[in-house]
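Before any questions on binding or motion, here is one chain by itself as structure tokens, the form predicted on its own.
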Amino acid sequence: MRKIKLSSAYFGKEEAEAVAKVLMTQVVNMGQEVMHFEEELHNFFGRSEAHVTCVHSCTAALQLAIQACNIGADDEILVPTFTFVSTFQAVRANGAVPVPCDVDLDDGFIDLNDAETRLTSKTKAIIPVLFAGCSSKIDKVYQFAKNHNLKVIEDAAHCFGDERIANRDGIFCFSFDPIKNISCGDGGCILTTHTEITERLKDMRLLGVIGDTERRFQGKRSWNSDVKELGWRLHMNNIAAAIGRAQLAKFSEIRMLRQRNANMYLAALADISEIQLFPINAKTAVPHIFPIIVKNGRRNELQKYLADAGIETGVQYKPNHLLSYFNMGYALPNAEKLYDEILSLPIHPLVTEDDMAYIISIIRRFF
């Protein structure tokens, strides 16, 4: 029986050679490899006025972005409950309170009507999560934030390569973990047009040591420096950056394969009445996951049917308000319904056209 994994990294000889090259330099901590990766990401994003700061995860990116926005103890941030727990943990790492909000059933995007009911005098920011690359409602978030004087920090972990990112003036946090659109093994970055925020980010990722980033990029060390605010050891290292650079160099191939697979699903599953598709635009977005909504209580049945055929699927994600640590004592019905019906299908670059045809045939046979 064939075995098709839900998720996979897309590594090859290019990444192995890049890592070996760094190891031979004997300089594996943060240095010029990270500097070059940041420069290449800057060029990739195509925004001359923006700045890139690489860190060791998207969780770290969110944590540092929140701190750089001067949000801390007892402040509140509106967060869609339907997201990976890292979004909530990043808020708590700053001493702030993540306020779970319901989501829209069609795309898992934060429900701004529900979010408005959660506003208090302590609310300082909103974190929209661009789930499955769905971002068509993002302009409404910025208008909502403007109306209520809130910061916007985008959790764009699912959105690397989305052409529409270049059109917004915000703070974007990306993930480079093993199964994202590009990977560093573990890694992430913050993209922002705010120079003063970037300057703080570059110090905070290195324990708050002022100017340490530039000295490391020059191959120097900080022996006589100062610290003026709380910092963390959240920087990216040269090994991770080398992997990321190799991945970025072949991103056009990764983009093509992910978009091909998404478009095959969109075309083949649209006529199945018991499936609802997410509004994924596979021409401008590069889908990290491909979720579907399975109606009539048949999600678990379909998941087992696919597993019996050697096809791994996933349920992303358990709403955070259902987790003991983040439970605020209220129900969020849309998110809970979505959790009962959602199913993610394999879409990563190692899924071949033949695999795709097989997955689609099994799904159609089930229905």
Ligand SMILES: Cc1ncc(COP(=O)(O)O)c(C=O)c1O
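Fair warning: this is a prediction, and the values are worked out from it, not measured in the lab. Counting begins at 1, following the sequence as shown.
Not on display, but discussed next: the form predicted in complex with the named molecule.
### Query
Any chance L64 has a heavy atom within 4.5 Å of the named molecule in the predicted complex?
Taking the distances in the predicted complex, the answer for L64 is no, it never comes within 4.5 Å of the named molecule.
#### Entry: R205: touches the named molecule in the predicted complex, heavy atom cutoff 4.5 angstroms
Heavy-atom contact with the named molecule at 4.5 Å: absent for R205.
### Interface membership of T59, the named molecule in the predicted complex, 4.5 Å heavy atom rule
Yes, T59 sits close enough to the named molecule in the predicted complex that at least one of its heavy atoms falls within 4.5 Å.
#### Entry: Distance check, D177 to the named molecule in the predicted complex, heavy atom within 4.5 Å
Close contact exists here: in the predicted complex, D177 approaches the named molecule to within 4.5 Å, heavy atoms only.
### Query
in the predicted complex, which of 112-120, 197-205, 220-228, 179-187 comes within 4.5 Å of the named molecule (heavy atoms)?
Among the listed stretches, the partner-contacting one is 179-187.
### Task
May I ask you to choose, among F278, F144, Y265, F84, the residue with a heavy atom within 4.5 Å of the named molecule in the predicted complex?
Contact check passes for F84.
### Message
in the predicted complex, does each of I4, F290 and V351 have a heavy atom within 4.5 Å of the named molecule?
### Response
No, the whole trio is out of contact, none within 4.5 Å by any heavy atom.
### Query
Can you name the residues of 123-140 that have a non-hydrogen atom within 4.5 angstroms of the named molecule in the predicted complex?
Stretch hits: a single one, V129.
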